[in-house]
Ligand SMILES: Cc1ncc(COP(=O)(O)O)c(C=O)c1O
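So this first bit is one chain, no partners, the form predicted on its own, shown in C-alpha cells.
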C-alpha cells in the first residue's frame, strides 16, 4: 500500500486541518455534564422565529427530490433586497463553501492570494485547495496594519486580497475611507478584493461601510455573507455572495451542482423576511456584548474592542484558563487555534449563558492567579 502515500498531494503534508470549536456532545461524554455552555463558534444562541421553523418543516416533504441547483427564489430575493441583479448573486454552502469555490473559479497555477492574519483560517485552506500561493500579512490583535501595507504585500502574481470585515478573531473593522482606498488601490492593480462580511449585522459603528455598498460604488469586488451567524442557520450551511456577473457565471460552472439543500434554501428565504427578528437579535447581542465586556474588565483581564458577536480576552495563561473552563462546562475558543496564542475568543451568548461563563471565569482566574 506504499503507493497510497504517493496519491495525496505533496503540498498537503505540512498543512494543518481547521481546528473547530469543541462539540458539546464531546464535552458531555468526557466529563458527564448535562448542560454545557457553548461560547466558541459565534453562533446565534436565540431560538429561530416560527416562520423559519415552518419553512424547515415544509421542506421535509421534498427531501427525496433534488433541490433547485440555481437557488432561483433565494437569489432573486437577495438581489431585490440589495438592489443588484440576480446574475450578480451566488448562493453557496456558507462562507466556507463560497470561499473554496470562488478561489477554484479565479485561481490559475502560480497565482497568489493575500490576506492579513490572524484571520479566519479557511482563507488559507481554501487557497491551498485551489493551489494558490498564500501570502499572509502578519499583524497583531490590535489590527496593526495599514491599507498601503496590505497593497504593498501584493505582487504581479496576486489574483485576490481577502479581507474579513469585521475580522474574526480580532473583532476589528476596516473603516469606510480605508475600505474605499483599499478597493481603489487594488482596482488599479487589477486585483480582486473579496470582503467576508459574516459579522456585518453586529456593527454599530457609523464609520462602517457595507461591502455591498462598496459593490454598488465599484462593482468589481466580491462580498460574501452567511446565514450561519445572526440568521441562526449554522447547521444548514447556506450563504451568499454579491459578485461581478462574469465571476458569478464562471462560479456556476464549477461549484457542486446541488450545493445547498432545499431545506436550507427555504429556511434562508424565510429568514430574510424576518427583519424584526434579525433586528431584535442584533440589539440583544450588542447589549450582551457590552455587558460582557464591562463585566470582564472588572475581573482585570484585558479585553479587545470588538464590532462582532464575540470578544477577545487576553491572559498570560490562556491555555490553562481554557482547560479549566471546560471542567466548568464552558466551551470558549483557544486563540492559539486562530493564530493568537495568549488569547481566548468568547462568543456572546444568551444572558444566562454569559452569567454562567462570568461566574466560572472568576472561579478559574482565582485558582490560576491565587
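Given the structure is predicted, the values throughout are model-derived calculations rather than measurements. Numbering follows the first chain given and starts at 1.
The same protein has a further form, the form predicted in complex with the named molecule, not shown here; the description that follows concerns it.
Residue in contact with the named molecule in the model of the complex (any heavy atom within 4.5 Å), chosen from 211, 94, 116, 232: 94. Between the options 237, 181, 76, 291, the residue in contact with the named molecule in the model of the complex by a heavy atom within 4.5 angstroms is 237. Proximity to the named molecule in the model of the complex, taken as heavy atoms within 4.5 Å, picks out 120-128 from the listed stretches 272-280, 244-252, 257-265, 120-128. Among residues of the shown chain, residue 202 is not one whose heavy atoms approach the named molecule to within 4.5 Å in the model of the complex. A residue is said to contact a partner when one of its heavy atoms sits within 4.5 Å of a partner heavy atom; residue 226 meets this definition for the named molecule in the model of the complex. The named molecule is not shown here, and in the model of the complex it never comes within 4.5 Å of any heavy atom of residue 162.
For the chain shown alone, residue 198 is a contact residue for the named molecule in the model of the complex, at least one non-hydrogen atom being within 4.5 angstroms.
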